[in-house]
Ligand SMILES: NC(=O)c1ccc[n+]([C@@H]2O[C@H](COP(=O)([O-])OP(=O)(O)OC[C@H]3O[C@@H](n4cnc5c(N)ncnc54)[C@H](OP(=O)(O)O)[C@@H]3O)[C@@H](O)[C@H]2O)c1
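First, one chain by itself in structure tokens, the form predicted alone.
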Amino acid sequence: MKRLSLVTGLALLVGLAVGRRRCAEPLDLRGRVVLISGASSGIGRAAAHAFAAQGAAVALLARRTDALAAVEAELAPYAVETLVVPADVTIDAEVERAVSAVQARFGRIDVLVNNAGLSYGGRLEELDPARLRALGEVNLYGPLRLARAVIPLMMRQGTRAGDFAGHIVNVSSVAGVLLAPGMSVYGGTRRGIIAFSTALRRELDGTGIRVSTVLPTFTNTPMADRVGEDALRAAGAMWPLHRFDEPETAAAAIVDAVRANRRTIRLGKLQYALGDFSERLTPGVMDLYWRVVIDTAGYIEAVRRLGA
């Protein structure tokens, strides 16, 4: 047992050393090709700006061509190459066509940002079946489908085992960690993306393809336009000094995940860090927290207004 413990300890130290070595030299994004889904607004739009500011070429994917064209026009001052690829991430043929279009234009895809998503809140029995299906198809199937489409291309880009071949960033949510009533379906899809990211990272180990997960908190995007901070604060779900993040906060985390090869970045301040810790180690405490501290009915009413 002592020998096993020693081996385990050495393995952990080696793992930490390797992880630090990988992050010692941030990846230079100049000239890299980045494909961003959900790029027409919110976090996706902000991520397009953040990558363009780093000198990366940016391919913008979403359903609305006009909205994508507007974002593309905003990127002109960065003097980087851009491409608009209208597509629905839940339709196989459109995903394949979009990836082929990016490959035809740039010859490669270095970074995939799986950002497209929907958010609907409310009690499970009140959610329309069409919304249930949409949450599963966009939040879960979409990222799986896009990742599957780009992985073969990324694998061909690596020159030898372990070299950088590509990076997949899956944008999830703290709702996938802090499991709240009224968010059972949305949180379930976001928890699924966290599990997918972790397993895929291990599956691709040694191929040169990196996988990260970014977990934003409530963010000032169209999806949260009708959810007021005051309503959440009145329900006890937001501490007095906390505010919604801006999309640029999540975008900076996405870029950082790629440049520094970070496995997971969870946004949000102390309240979310404590909640994350409690959910992992003392879920019973979180049950009590929701029962005693939070006005659950008020919270569910607030998040019922989620949606875009």
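In this text, residue numbers run from 1 along the sequence as written. Note that the structure is a prediction, hence the values are computed from the model and not measured.
The same protein has a further form, the form predicted together with the named molecule, not shown here; the description that follows concerns it.
Residue heavy atoms within 4.5 Å of the named molecule in the model of the complex occur in exactly one stretch of 150-158, 229-237, 73-81, 168-176, and that stretch is 168-176. For a residue to qualify, one of its non-hydrogen atoms must sit within 4.5 Å of the named molecule in the model of the complex; all three of 63, 217 and 223 qualify. Checked against the named molecule in the model of the complex, the candidates 198, 90, 103, 184 yield a single residue with a heavy atom inside 4.5 Å, and that residue is 90.
In the model of the complex, the named molecule lies farther than 4.5 Å from every heavy atom of residue 54. Using a 4.5 angstroms limit between non-hydrogen atoms, residue 41 touches the named molecule in the model of the complex. Although the partner is absent here, residue 209 sits far enough away that none of its heavy atoms falls within 4.5 Å of the named molecule in the model of the complex.
Although the partner is absent here, residue 116 is a contact residue: one of its heavy atoms lies within 4.5 angstroms of the named molecule in the model of the complex.
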